[in-house]
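In the form predicted on its own, a lone chain appears below as structure tokens.
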Amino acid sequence: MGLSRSVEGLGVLVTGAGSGMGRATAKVFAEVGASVAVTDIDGDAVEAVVQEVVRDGGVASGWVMDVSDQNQVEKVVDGVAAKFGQLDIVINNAGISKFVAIDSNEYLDAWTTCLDVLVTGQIRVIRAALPHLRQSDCARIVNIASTEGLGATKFASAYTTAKHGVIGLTRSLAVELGGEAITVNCICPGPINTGMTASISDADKAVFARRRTALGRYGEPEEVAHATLNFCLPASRYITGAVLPVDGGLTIKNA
């Protein structure tokens, strides 16, 4: 496909696309001409996003998919490839957030859930997608991690461990799949205005952003989505194993 900067006509699967960064990613890819598979555990949210994309002139279809369900993942991924006639790009965005103290009675449940959804869930999707990606001239995998994968926050060891795992998975698969021209990259969002941060007051967000980020504000889901898109361009074929913070400068600011 040369050094094109267009993903028009490519088949894209986005997990966790019912809200937040996943929704924004689905819409951004559709806006530039890709055929988008909107997948999420929430069927109503899936339908709403598909309707938004179609209303705006894009191409999208929806599937209910729980990334912790092996059989469902396999059926949906194969269904996406059959629907679009191809699957070129996988965006592993589905996520949860668990903040639990190490000595809490709920800790082991949080640990199991975080690892299953945030790491093993990505593995399930990638394994199911590989036969289809291997038929593509523009095979791209983008795993969404977090700045928690580059640092740590108290009471978040299960979540933080999982996000470190996503980075390790990305780097290892970039090496493993590089000979097949399948690129694997990782986005590490910082403080973003999504459902996961909706419970934080605007005042507290403003204080945190001024203190911790270089740009002095929270990011928007669309800003993460465009970074994800850049990894997926045909022209980005020599970028693999990269870990990109989209965090307003949080990870580089000392004081």
Ligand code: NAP
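Being a predicted model, the structure only gives us computed values, none of them experimental. Note that residue numbering begins at 1 and tracks the sequence as displayed.
We do not show the form predicted together with the named molecule, though everything after this point is about it.
Undergrad: Counting only non-hydrogen atoms, choose the one of 62-70, 26-34, 209-217, 226-234 that falls within 4.5 Å of the named molecule in the predicted complex.
TA: Result for this chain: 62-70.
Undergrad: Look up in the predicted complex whether A174 has a non-hydrogen atom within 4.5 angstroms of the named molecule, and give yes or no.
TA: The answer is no: A174 has no heavy atom within 4.5 Å of the named molecule.
Undergrad: For I91, is any heavy atom within 4.5 Å of the named molecule in the predicted complex, or not?
TA: Flag for I91 set to no.
Undergrad: Would you check, heavy atoms only and a 4.5 Å threshold, whether G195 touches the named molecule in the predicted complex?
TA: Close contact exists here: in the predicted complex, G195 approaches the named molecule to within 4.5 Å, heavy atoms only.
Undergrad: Tell me, yes or no, whether L115 is in contact with the named molecule in the predicted complex, where a contact means a heavy atom of each within 4.5 Å.
TA: Result no; L115 lies far from the named molecule in the predicted complex.
Undergrad: For the named molecule, considered in the predicted complex: do all three of L10, G58 and F84 come within 4.5 Å of it, counting heavy atoms only?
TA: Looking in the predicted complex, the three residues L10, G58 and F84 all stay beyond 4.5 Å of the named molecule (heavy atoms).
Undergrad: Considering the named molecule in the predicted complex, which of I96, V100, A152, I167 comes within 4.5 Å of it through any heavy atom?
TA: Selected residue: I96.
Undergrad: Note that the named molecule is not shown here; using its position in the predicted complex, name the residues of 26-53 with a heavy atom within 4.5 Å of it, in sequence order.
TA: Heavy-atom contacts within 4.5 Å come from D40, I41, D42.
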